[in-house]
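Single chain ahead, written as structure tokens, the form predicted on its own.
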Amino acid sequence: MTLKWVLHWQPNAGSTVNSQILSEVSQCVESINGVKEGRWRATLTFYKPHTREQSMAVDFPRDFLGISLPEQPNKYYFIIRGQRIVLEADSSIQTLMEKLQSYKTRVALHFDGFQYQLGDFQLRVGKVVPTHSENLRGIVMEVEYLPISSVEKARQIMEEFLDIWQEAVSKRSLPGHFMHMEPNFAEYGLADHYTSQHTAVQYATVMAQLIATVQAVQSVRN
């Protein structure tokens, strides 16, 4: 029994994400009595089709992601946002994909941070960085409510917790705020009972938002 919301840090117009904000957010969790429990890591990969003829690439889905989640070490999740598809596979599928070479890794992003316990909630706050880089691309937070696994039944208590959290963050006058954008799980064929596939879909949604934010900042600079 458990349920999660995945949020991302949305910088104010003209500002960017930096390690100082991540540090302040982590201190914020501790200020509302969050107890640090240890490290938290997850990895998300964008795939591109590996074809000899460029014209064939249009037949393959462009927005194709894979994600490994720490709570399901033996599983791997694929999301194709365009067709609203989410699949759960055995983690060995990654080795198979490497051998088949039908898809290649375009970019891999790591979520790296800490897990905190706060009553019936677990919070995970971490940075988003590409492989072999410390270049901060974003900040992500998981809010997990342990007693309930119904998306609808947990909505009110999650919203109330988020109000308390946003108030705590606002006291630090940081240039941005955390955003929660809930996907339409039914479009992916997911029911009200929460599963790790729901988590995977949320990460795909968050990544789309982070990419849009980075592109918006770059277009302003240009």
Partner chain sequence: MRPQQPQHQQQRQLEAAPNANPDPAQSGEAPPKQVALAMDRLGDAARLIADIRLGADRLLEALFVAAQPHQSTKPLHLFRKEDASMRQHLQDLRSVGRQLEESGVLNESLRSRSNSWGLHMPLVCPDGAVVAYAWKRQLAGQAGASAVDRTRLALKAFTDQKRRFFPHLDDGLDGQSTESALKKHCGPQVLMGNHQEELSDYKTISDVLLHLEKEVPTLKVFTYERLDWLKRASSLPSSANETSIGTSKEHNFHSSNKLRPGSLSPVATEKISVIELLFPSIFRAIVSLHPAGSIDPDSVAFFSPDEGGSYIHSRGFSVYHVFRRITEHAAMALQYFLGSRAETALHSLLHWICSYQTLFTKVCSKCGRLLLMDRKSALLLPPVYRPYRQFSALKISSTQPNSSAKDTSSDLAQAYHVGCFSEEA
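Quick caveat, the model's predicted, so the values are computed rather than measured. Numbering follows the first chain given and starts at 1.
Unshown form predicted together with its partner chain; subsequent notes refer to it.
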Hey, of 108-116, 145-153, 93-101, 126-134, which bit sits against its partner chain in the predicted bound form at 4.5 Å between non-hydrogen atoms?
145-153
Sole residue of Ile157, Met181, Ala168, Ala186 within 4.5 Å of its partner chain in the predicted bound form, by heavy atom
Ile157
Contacting member of Lys36, His193, Arg172, Lys48, with respect to its partner chain in the predicted bound form [4.5 Å, heavy atom]
His193
Exercise: Trp40 in contact with its partner chain in the predicted bound form, heavy atom 4.5 Å
no
State yes or no: in the predicted bound form, is some non-hydrogen atom of Phe64 no more than 4.5 angstroms from a non-hydrogen atom of its partner chain?
no
Does at least one non-hydrogen atom of Phe121 fall within 4.5 angstroms of its partner chain in the predicted bound form?
yes
Please tell me whether any heavy atom belonging to Ile32 falls inside 4.5 Å of a heavy atom of its partner chain, as the geometry stands in the predicted bound form.
yes
Can you confirm whether Met1, Glu88 and Phe161, the three residues that make up this candidate site, all sit within 4.5 Å of its partner chain in the predicted bound form, judged by heavy atoms?
yes
